[in-house]
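For reference, the chain that follows is the form predicted alone, supplied as C-alpha cells.
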Amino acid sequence: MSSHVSSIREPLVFGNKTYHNITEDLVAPTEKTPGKLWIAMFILAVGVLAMGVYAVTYTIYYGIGAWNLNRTIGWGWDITNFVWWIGIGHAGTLISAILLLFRQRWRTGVNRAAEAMTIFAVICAAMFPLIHVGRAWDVFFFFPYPNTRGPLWPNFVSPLLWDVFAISTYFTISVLFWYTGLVPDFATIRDRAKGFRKKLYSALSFGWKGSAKNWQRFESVSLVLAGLATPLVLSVHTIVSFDFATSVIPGWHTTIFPPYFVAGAVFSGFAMVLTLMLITRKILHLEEYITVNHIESMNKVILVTGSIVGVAYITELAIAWYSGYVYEQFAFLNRAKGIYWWSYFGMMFNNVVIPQLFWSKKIRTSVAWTFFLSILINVGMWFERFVIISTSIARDYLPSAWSYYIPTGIEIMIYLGTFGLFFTLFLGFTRVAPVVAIAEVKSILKDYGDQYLDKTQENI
C-alpha cells in the first residue's frame, strides 16, 4: 500500500514528461542558438526566395509577356499555383477549428504549425493574382471603394471578385485564430525572458496573467473563431471552384466542382501538413510531441479524403460519358489521351492509388513512408490543378485555336520562389513562437494525469 501512496505523491507524467519538461522542450527553440540543420535550411529558403523576387521583379518590369501564355491558354502556371496554394492552406483551419469543436485531442501536437502553414500558404497564393493582372500597381481595382472617377466598381457577378472577399475573410479569421492560441505561450516565454525579449513578448501577450477570467475568455474567443472558421473551410475553395464551374468551357462547367475542390483542398492540405511537420519534428527534435499517433490519425484523414477525390474523378468521367455532349466527352478523352496525358496519369496515380497504401497500418505509422507519400500527393494535387486549367483550354471548340503551353524559366522561378517565401516565413516562425501549443499539450497531460490518479486510487 505504501508504494501505491507514494506513487500518488509523484509528479503526474505522460510519456515521462512533467509540466516543467514540456515548457523547457517547447520554448527551447525560441531561446537557444539554432542548430546547423535549421541554419542550412534557412539559408537555402532565403536563396530560393531571392530567386523568386528576381523573377517577380522581371515579370513586373517586362510584363507577363515574360510568361508563355497565349490566346488559347490565358491561365497557366500562375493560376494553377494560386489554386494549389489555396488548397494547401485549408488543412490548418480544418485541424484547428473543426477538430477543436469536436474535441479531438490528437490535434494538439500539430495544430499550431498547421495554422501557421495556412497563413503562409495564403500569402503565397495571394501573390499570383497580384502579378497575373499584368499591371501590379493597379491591383487596387480588385476592391470596391468610393472614388471620384465614375463607376469604376468591379463586377460583383464575377466569382473572381468573390475570391477577393472569401480569401481575405479566410485570411483574417485564420490570423485571429492563430494569434489567439499564441497568447498564453507568448506569456510563458515572457516570464522566462529578460531585457528586450521580455518587453517584446510582454507586448505580444497582451498582459496575459493566466487567471481564471483570462482562460474563460480565451476559451470563449477560441470557440467563436472556430465557429466562424468552420464554414470558411467549405466556402473558400467552393468559391475558388466557381472560377471554373460558372464558365461554359467543357471540363469546367460542372456542379461537382465545389465538393470536389473542398475534398481535394483538405486532402492536399493534410499532406502538406505532414510534410512540414515531419521536417519540423526532425529539425527541432519534437518526436515526443509530434508522435506516430498524430501521423497515423492524419494519414487516416488523407485516406478518406483521397478516396472522395477518387470518386469525384470517376464521377466526372461517368457524367461526361452519360451526358452525350460531344465537347464534354472530348475534353475528358483529351485529358487521358491528348498532349497532356502525362499530367493526367500523374494526377490519377498520385491522388487515387497512392492514398490507398494507407490502408496498411505498417505504412500508415511509418515516418519514412509517410514523408515520401505526402510529397507524392502534393505533386499529384498540383497535377490536378494543371489538368483542370491547362488541358481544358488547350483544346477548345475551334481546332485552329488549339495550342500547347510550356512554362518559361521565369514562371518556374516564381513558383519555386513561393516555396522559398513559405519556408523562410515558417522557419522564422519556429524561432519566435513555440511550434507546438504549450498550453494545449499541458491540458492533455492533465487529463492523462487525472486518469493515472484515478487508477492509482482504485489500486489502493
Partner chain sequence: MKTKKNILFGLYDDEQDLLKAVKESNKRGLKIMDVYSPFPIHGLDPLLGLKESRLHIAGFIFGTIGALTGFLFMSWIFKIDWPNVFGGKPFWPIPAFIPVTFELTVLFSGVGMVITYFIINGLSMKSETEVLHDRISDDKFCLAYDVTGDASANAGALESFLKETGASLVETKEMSDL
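Residue numbers count along the first chain shown, from 1. This is a predicted model, so every value here is computed, not measured.
Omitted here: the form predicted together with the partner chain. The next part is about that form.
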message: To verify the annotation, which of these, I173, I283, I98, I308, has a non-hydrogen atom within 4.5 Å of the partner chain in the predicted complex?
response: I173
Heavy atom within 4.5 Å of the partner chain in the predicted complex - residue from A336, I363, V133, L228: L228
task: Would you confirm whether the three residues T33, T255 and N350 all fall within 4.5 Å of the partner chain in the predicted complex, going by non-hydrogen atoms?
output: no
task: Please run the contact check for V248 against the partner chain in the predicted complex: heavy atoms, 4.5 angstroms, yes or no?
output: no
- request: Although the partner chain is absent from this view, report whether W162 comes within 4.5 Å of it in the predicted complex, heavy atoms only.
  value: yes
message: Contact with the partner chain in the predicted complex for V224, defined as at least one heavy atom pair within 4.5 Å: yes or no?
response: yes
In the predicted complex, Q356 touching the partner chain (heavy atom, 4.5 Å): no
message: Using a 4.5 Å heavy atom cut-off, which of 118-126, 213-221, 90-98, 341-349 contacts the partner chain in the predicted complex?
response: 213-221
Residues in 187-210 with any heavy atom within 4.5 Å of the partner chain in the predicted complex: A187, T188, R190, D191, R192, K198, K199, S202, A203, F206, G207, W208, K209, G210
